[in-house]
Ligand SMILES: Nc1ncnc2c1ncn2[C@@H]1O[C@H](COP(=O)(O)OP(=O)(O)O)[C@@H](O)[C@H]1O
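Next up is one chain by itself, shown in structure tokens, the form predicted on its own.
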Amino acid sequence: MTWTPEPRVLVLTRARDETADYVLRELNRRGVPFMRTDVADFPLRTALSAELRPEGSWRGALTGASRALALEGLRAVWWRKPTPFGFPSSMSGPERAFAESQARRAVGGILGSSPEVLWVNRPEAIADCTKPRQLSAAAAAGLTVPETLITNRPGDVAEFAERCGGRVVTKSLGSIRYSGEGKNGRLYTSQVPPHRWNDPRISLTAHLFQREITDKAYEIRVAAVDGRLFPVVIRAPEGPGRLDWRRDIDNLNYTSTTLPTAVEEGIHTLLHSLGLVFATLDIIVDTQNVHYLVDVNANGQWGWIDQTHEPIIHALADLLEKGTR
């Protein structure tokens, strides 16, 4: 194997990803060499060959239909929105499971073994950014978090709701998207009225409940890129979007803003503890100017907000161009 080491960026994302396209066009404009592929391309459309060198590094390449990326020149990996490995349909179920296990350990292990490569973000950090983990880390970082209960005991919900003045909401612990029985939908934040506090179906799995911020003034979406924060106020009109702005995305109002110093410092501490170089964060601000951290998305969207669109493109391009910090 003969490859010329060259600093490169590897972008792992699905075939149609407009948000990634914004940044890749900027990298192209800057002349920063990169390879875009999807995890699903391996092994049918991309090939990996790597040989262990005496000092412990891997020498080889990830090769696609039109270009190859030398492992020695890899400087940054953007783990954007990849889809699962793809295998021939002729494989049996056990064969596919074995092949997926082999591919995951090989591809992830080789790409992730070099301490010289910057990840935005590491897959394990993304996976570890669960609601319980992020809320705990936020509180430990000095950020204000709404009173929260995670339980499958209906009786505990009633007791918690009483302590919250009878106003509680429930949120998904994972993705808000669901599908089944031919239907697709989204699980938005919803209020939990008293007649549902003791619903026996709560016992069937874990649920997250929080005190509802009833005196909400507005919300803030913050994009964080390598220590740089891009906050935008989101105001929703009266209606379903007041509880969860994602319900009324076409009628939101956006305004650039700044954050209190203590909140900025808390966010930096939080992201460091979560091992994240990039994230989007959601904050509720009440009429007393208390900032409540309610969500951290380790791979959140940001492209639709005009006020921060271009600055985030440039910040991500700066980060990927720079690579290893």
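Throughout, we count residues from 1 along the sequence that is shown. None of these values were measured; they are calculated from a predicted model.
Not on display, but discussed next: the form predicted together with the named molecule.
This chain is displayed alone, yet in the predicted bound form one of R211, R235, K81, R96 has a heavy atom within 4.5 Å of the named molecule; that residue is R211. The contact with the named molecule in the predicted bound form, taken as any heavy atom within 4.5 Å, belongs to D282 out of D286, D41, D282, E264. Of the candidate stretches 265-273, 287-295, 48-56, 32-40, only 287-295 has residues whose heavy atoms lie within 4.5 Å of the named molecule in the predicted bound form. Although the partner is absent here, K216 lies within 4.5 Å of the named molecule in the predicted bound form, judged by heavy atoms. Within 4.5 Å of any heavy atom of the named molecule in the predicted bound form lies no heavy atom of G73. Residue contact check for T189: one or more of its heavy atoms lie within 4.5 Å of the named molecule in the predicted bound form. Within 4.5 Å of some heavy atom of the named molecule in the predicted bound form lies at least one heavy atom of V169.
Contacts to the named molecule in the predicted bound form (heavy atom within 4.5 Å) from stretch 242-259: L243, D244, W245, R246.
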